[in-house]
Ligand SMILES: Cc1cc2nc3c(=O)[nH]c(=O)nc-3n(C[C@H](O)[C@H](O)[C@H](O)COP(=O)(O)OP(=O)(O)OC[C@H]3O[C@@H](n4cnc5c(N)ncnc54)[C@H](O)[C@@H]3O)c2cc1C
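Shown below, as structure tokens, is a lone chain in the form predicted alone; questions about how it binds or moves come after it.
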């Protein structure tokens, strides 16, 4: 099917953030929305994520984003007619120093102001309540919030996209953006492998590839790809059938259920920037000993496979959201550093409001790209 000759707004990127933006634009009455995705919906970072949804962030702006987003996930099937398999068993953060316990305590005070009942636990309480098989050696505290959990990012993306289509959006997959025409300070058109679409408004939701899109209009977005790997086990019944998404924070390691098996991952701080999504089994040499240390019963698990995806990483581990001062009407939502899926409801609303009204209900001004030029970075401390 041919692309439309003209669109009021063109969204580049068909992950959760792009699809949510398309949905919220049409919900606010915009009918000339065109979303372009070069592969398939959720084929990039969204579909390769661990699907986590949490409110336990260190920066208030991120908690405010989740104050809007989590209720959307909680009522997703009611709102969109799609079951996203939201396993709302909470996030359990395991902490190994008094300094971390104090930091997470301060964070919890702020998170509770937004209505999130974050509980502070001793290691013994965390073990006895959730995971009897947990080795608490070296741990001094934990936090848990029951409204957190994990869901299916691909189903959620299709839920947003399907409702956007019903409300008038045009969504095209298998279409790559190859250029953006700018005349003076004004965007004139988007060039693609399927032809040219006239438009004056572009919203970049291209994840790790956002820097390439920004350079099409002569600007820079400091976002790069950073490979993250996850591994899954065969059926495993030596841990509870249900337990929280558990994070050994100092180790950068997480574990959660996936059907009858488990998904586990661990951050590799030595991973170089890039676009590789190659699944590398050699990383198991680092991951398995750390996992078995915290969960000794995992020595009986078998690795059945895995996958790799990209974080669209920013210099301060926070999203880059806003509108360029030049050319006019180039908007961006990227650099989520692993938080794009969980933040997609609120960010999609904010991008729609910014495109249509020039302002947003949530104050996301601190996420502007301008912070990197001025040096006012906003470090997000709770990144896995």
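Just so it is clear, the structure is predicted and the values come from calculations on it, not from any experiment. Numbering follows the first chain given and starts at 1.
The discussion below concerns the form predicted in complex with this ligand, not included here.
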Taking any heavy atom pair closer than or equal to 4.5 Å as contact, tell me whether residue 12 reaches this ligand in the model of the complex. yes
Heavy atom to heavy atom, is residue 50 within 4.5 Å of this ligand in the model of the complex? yes
Although this ligand is absent from this view, report whether residue 337 comes within 4.5 Å of it in the model of the complex, heavy atoms only. yes
Hey, in the model of the complex, does residue 94 get a heavy atom within 4.5 angstroms of this ligand? no
To test your reading of this chain, name the stretch in 160-168, 297-305, 124-132, 206-214 whose heavy atoms come within 4.5 Å of this ligand in the model of the complex. 206-214
This ligand in the model of the complex: contacted by all of 17, 45 and 177, heavy atom 4.5 Å: yes
Find the only residue in 36, 320, 349, 55 having a heavy atom within 4.5 Å of this ligand in the model of the complex. 36
Name the single residue among 239, 310, 84, 145 that comes within 4.5 Å of this ligand in the model of the complex, judging by heavy atoms. 310
